[in-house]
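Shown here is one chain on its own, the form predicted alone, set out as structure tokens.
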Amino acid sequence: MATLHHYPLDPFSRRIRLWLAEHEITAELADELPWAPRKPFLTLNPSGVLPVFVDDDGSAITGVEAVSEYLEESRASKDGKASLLGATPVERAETRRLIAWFDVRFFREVGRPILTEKIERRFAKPEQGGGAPNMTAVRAGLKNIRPHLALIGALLEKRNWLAGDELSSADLAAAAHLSCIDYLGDVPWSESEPAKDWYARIKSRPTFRSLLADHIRGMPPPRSYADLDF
């Protein structure tokens, strides 16, 4: 069986988990701590970057974009399902544009400061960068999330899903990033009703259940995290 090396609150790993679930592909999950990767994992991937997908034949694909493209080429073209990148060059370009928006800009402005300060610093040892969180960085991340919710709302005024009429990897990327922040109870859903309605739709999909079942020891999510009627 294939293996996905991941961390439950790593948004890039979550995107791949959602993609695999949408394509009904089973993979064993191997937990890795981003701030303290195990030696066997570093042997597999010296950069220590998550996620890493190890296929049935032992091929190790590292990094979210490489894993995503590998799965599209090796799996999506064979399972008879529509590509989550889109059907036309224009649709695929828009999907990739939005994936980049969330993987780069959202993560830089929101995800990295909040997750680093509230998760990594809490659980990492001092020599691994652990310690008291920088609340200035957290507050900046919480402030920055609002324009991203507004962007989602603006897109949904014209579309059924973020990149068009059908669910795409853009929705998976956005949901993966937001779900990590939602695990901490830090998404101000009241700021955008369209964004909240969209998240409720994707959160209600069977493929999202494994994410809602995630539980970080010592840091349980708020009740609303797994509540489909939040």
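In this text, residue numbers run from 1 along the sequence as written. Here the structure is a predicted model, which is why all the values come from computation and not from measurement.
One more form of this protein, predicted together with a further copy of the same chain, exists but is not displayed; see below.
For a further copy of the same chain in the model of the complex, the listed stretch (43-51, 22-30, 166-174, 190-198) containing residues with heavy atoms inside 4.5 Å is 43-51.
In the model of the complex, at least one heavy atom of I61 sits within 4.5 Å of a further copy of the same chain. At a distance threshold of 4.5 angstroms between non-hydrogen atoms, W101 is in contact with a further copy of the same chain in the model of the complex. In the model of the complex, a further copy of the same chain sits within 4.5 Å of a heavy atom belonging to R92. For W35, no non-hydrogen atom is located within 4.5 Å of a further copy of the same chain in the model of the complex, even though that partner is not displayed. Checking R146, R159, R139, R105 for any heavy atom within 4.5 Å of a further copy of the same chain in the model of the complex turns up a single hit: R105. Taken together, the three residues Y70, E73 and R96 all lie with some non-hydrogen atom within 4.5 angstroms of a further copy of the same chain in the model of the complex.
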